[in-house]
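What follows is one chain in C-alpha cells, specifically the form predicted on its own.
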Amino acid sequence: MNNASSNLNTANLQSASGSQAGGPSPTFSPLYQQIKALITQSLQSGEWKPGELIPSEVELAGRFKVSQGTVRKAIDELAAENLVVRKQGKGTFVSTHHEARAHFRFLRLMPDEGVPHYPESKFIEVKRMRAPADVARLLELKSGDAVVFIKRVQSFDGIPTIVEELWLPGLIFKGLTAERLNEYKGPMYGLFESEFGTRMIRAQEKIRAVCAGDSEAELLQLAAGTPLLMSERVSFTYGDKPVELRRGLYSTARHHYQNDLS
C-alpha cells in the first residue's frame, strides 16, 4: 500500500520539479491513468491472480488516496481492455482465459451456420528448437535462442479447418511438452496462464489470402490451390512483451473471419 502511494506521489513530484527546473516539459498523465498503471502493476506482479476478485473501488480509493470516481475511471479502461471484468452484484475480477467469453477473443473464425464453439486440436509436432531469425525478431529474442515449436490441426465437428504453427520463448515455456498439451482439455491460453504464469492480453494480427500448398491441402483435406486465409499473429503479455508468434491457415468453406469494430 505504501509503495503504491509512494510511486504515485513521486510521479507527481517529478512532474512538478521538471516544470520548475525549466527542462523539457514532462508528459502530463491524468490521475486516473496513474491509478490504472498502479493497478496494472499489481495484476502483472500476481497480487491478484486471474479469476480472483480485486478490492472494491472504495478500498482502492483508500489505498491510493484518490477519489472513488478516479478509481472507477481507471477500472473502466482496464475492463475495456479485457484485463478485468465486472460482474453485476459480485464485483470486479481479474480476467482469465478459462472463462467461456474469453475463448473467442483470439479466435475470430466463426461458423456460417450454427453456434460458435471451440475446435478440437490434433498436435502434429511439438519440439524445442533454435529460433529462426524472423521468429526471433518478432519475439524480441536473439537469433538462435530456444523456442518451443508447435504444429497442430484444429477441426470443427470432425472437419479439419485450421493449420497452425506456433513459436513460444523457450525460457518462459520450459517444460511444455506434447504430452501436456494432449492431456489438457481447455483452451491453450488457459494452460499458458495457469501453468506458465503467462497471460495473453493483446495481439497484433496480419491477414492475407493465399493458396493451399500440397502439405496444407493434405492436412485440411482440400485440393492443392484451394484459397485459404493466412494470419500471422504476435501476442503480448503485460509490458508489451511478445510471448507468442502464431501463423495459421484457415479454410473458409464453412467458416468466416469475424472482427467486431468499435
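What you are looking at is a predicted structure, and each value in this text was computed from that prediction instead of being measured. Throughout, we count residues from 1 along the sequence that is shown.
If you look for the form predicted together with a further copy of the same chain, you will not find it shown, but the lines that follow are about it.
Residue (of Glu179, Glu140, Glu81, Glu125) lying close to a further copy of the same chain in the model of the complex, criterion heavy atoms within 4.5 Å: So the residue touching a further copy of the same chain in the model of the complex, by this definition, is Glu81.
Candidate from Ala223, Val210, Leu53, Val58 lying within 4.5 Å of a further copy of the same chain in the model of the complex - any heavy atom: Selected residue: Val210.
Glu47, Lys49 and Ser194 each touching a further copy of the same chain in the model of the complex (heavy atom, 4.5 Å): Zero of three within 4.5 Å in the model of the complex.
Contact label in the model of the complex: Glu216 to a further copy of the same chain, heavy atom within 4.5 Å: Judged by the heavy-atom cut-off of 4.5 Å, Glu216 is well away from a further copy of the same chain in the model of the complex.
Non-hydrogen atom contact Val66 with a further copy of the same chain in the model of the complex at 4.5 angstroms: Answer no; every heavy atom of Val66 is more than 4.5 Å from a further copy of the same chain in the model of the complex.
Contact flag, Leu43 vs a further copy of the same chain in the model of the complex, heavy atom cut 4.5 Å: Because no heavy atom of Leu43 falls inside 4.5 Å of a further copy of the same chain in the model of the complex, the answer is no.
Asp112, heavy atom within 4.5 angstroms of a further copy of the same chain in the model of the complex: Output for Asp112 is yes: heavy atoms within 4.5 Å of a further copy of the same chain.
Within 222-242, the residues that have a heavy atom no more than 4.5 Å from a further copy of the same chain in the model of the complex: Those in contact are Gly225, Pro227, Leu228, Leu229, Arg233.
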